[in-house]
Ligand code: ATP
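There is one chain below, alone, in structure tokens, taken in the form predicted alone.
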């Protein structure tokens, strides 16, 4: 029979994502509901090593569900990569009688949690928080939906300028290894072309597509580029190549950068984070460890951390087909 944890710690690690605060709130209030003590670890794994751990109760998480970023802060920790650092983190948890850990973050954070669980036998559950939506075992990660809305709004504003000046804009969005953001916002914002790491469009095809757009009467165009796209070394080199080969276009580049991470989380992300936080606490109560909470077909599921880390989130081929047809 599973032994119910008496004291759960929660931390956020890696890049921040809108909805992380909602997940923290859910973990804390779920612990309160089940009469489990809860503590927050500040500054991720580095705070775990340095003992920056404070008790949280239901009132500690008032009025954060609508806030972007993370109340617990986040930091990269090279020390946690070392066995000695993880041993110090384990010692800090044991000194506070903390017997379980919830990690909100991406695959790098989950890798650290999995190793920590294996070495020190402390139950760990992961909650996926990353705007890239690039984690296997869930159709949506916390922050992804908000990022999509943020980027679409930005592109809508850029298009106003593109139309006014008859310009071609290359808009770079986040997505080093996955094109989920670029593909979805490209369709949603009516982009003329979408460049993603999973599909090598090639320079010749891109040039031909832009020529067709010009001939069809389009006086301005938007090309959405995932930062991991492999056509050029970077979006600026790509824009320069297009300008040299299509002199009729006045080309501009807009790199949206970290604006995509911030902002008020959408209703979808708030609800998702609330569901995931509760599921994480209930999983620890049920004796589950080394798993990640996810959502598939609207239902909460669990995926082993090693599969979540090693697996690859797949681009929906249907969306690529939709994109190809819509760009006519």
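Only a predicted model underlies this, so the values are computations on that prediction, with no experimental measurement involved. Residue numbers count along the first chain shown, from 1.
A second form of this protein, the form predicted together with adenosine-5'-triphosphate (ATP), is not displayed here; the remarks below concern that form.
S.K.: Could you tell me which of 316 to 324, 7 to 15, 21 to 29, 301 to 309 sits within 4.5 Å of adenosine-5'-triphosphate (ATP) in the predicted bound form, going by non-hydrogen atoms?
M.R.: Among the listed stretches, the partner-contacting one is 7 to 15.
S.K.: Heavy atom within 4.5 Å of adenosine-5'-triphosphate (ATP) in the predicted bound form: which of 158, 253, 246, 115 fits that? Just give me the one.
M.R.: If I apply the 4.5 Å criterion carefully, the residue I get is 115.
S.K.: Name the residue from 73, 167, 76, 211 that puts a heavy atom within 4.5 Å of adenosine-5'-triphosphate (ATP) in the predicted bound form.
M.R.: Here the answer is residue option 76.
S.K.: Are all three residues 35, 94 and 121 in contact with adenosine-5'-triphosphate (ATP) in the predicted bound form, where contact means a non-hydrogen atom within 4.5 Å?
M.R.: Spot residues vs adenosine-5'-triphosphate (ATP): no contact at all.
S.K.: Do residue 228 and adenosine-5'-triphosphate (ATP) share at least one heavy atom pair within 4.5 Å in the predicted bound form?
M.R.: Output for residue 228 is no: heavy atoms all beyond 4.5 Å of adenosine-5'-triphosphate (ATP).
S.K.: With the partner left out of view, is residue 111 within 4.5 angstroms of adenosine-5'-triphosphate (ATP) in the predicted bound form by any non-hydrogen atom?
M.R.: Because a heavy atom of residue 111 falls inside 4.5 Å of adenosine-5'-triphosphate (ATP) in the predicted bound form, the answer is yes.
S.K.: Give a yes or no for residue 85: in the predicted bound form, does one of its heavy atoms lie within 4.5 Å of a heavy atom belonging to adenosine-5'-triphosphate (ATP)?
M.R.: Looking in the predicted bound form, residue contacts with adenosine-5'-triphosphate (ATP) do not include residue 85, since no heavy atom lies within 4.5 Å.
S.K.: Spell out, yes or no, whether the shortest heavy atom distance between residue 130 and adenosine-5'-triphosphate (ATP) in the predicted bound form is within 4.5 Å.
M.R.: The answer is yes: residue 130 has a heavy atom within 4.5 Å of adenosine-5'-triphosphate (ATP).
S.K.: Only counting heavy atoms and a 4.5 Å limit, does any residue of 78 to 109 reach adenosine-5'-triphosphate (ATP) in the predicted bound form, and if so which ones?
M.R.: Those in contact are 80, 81, 86, 105, 106, 107, 108, 109.
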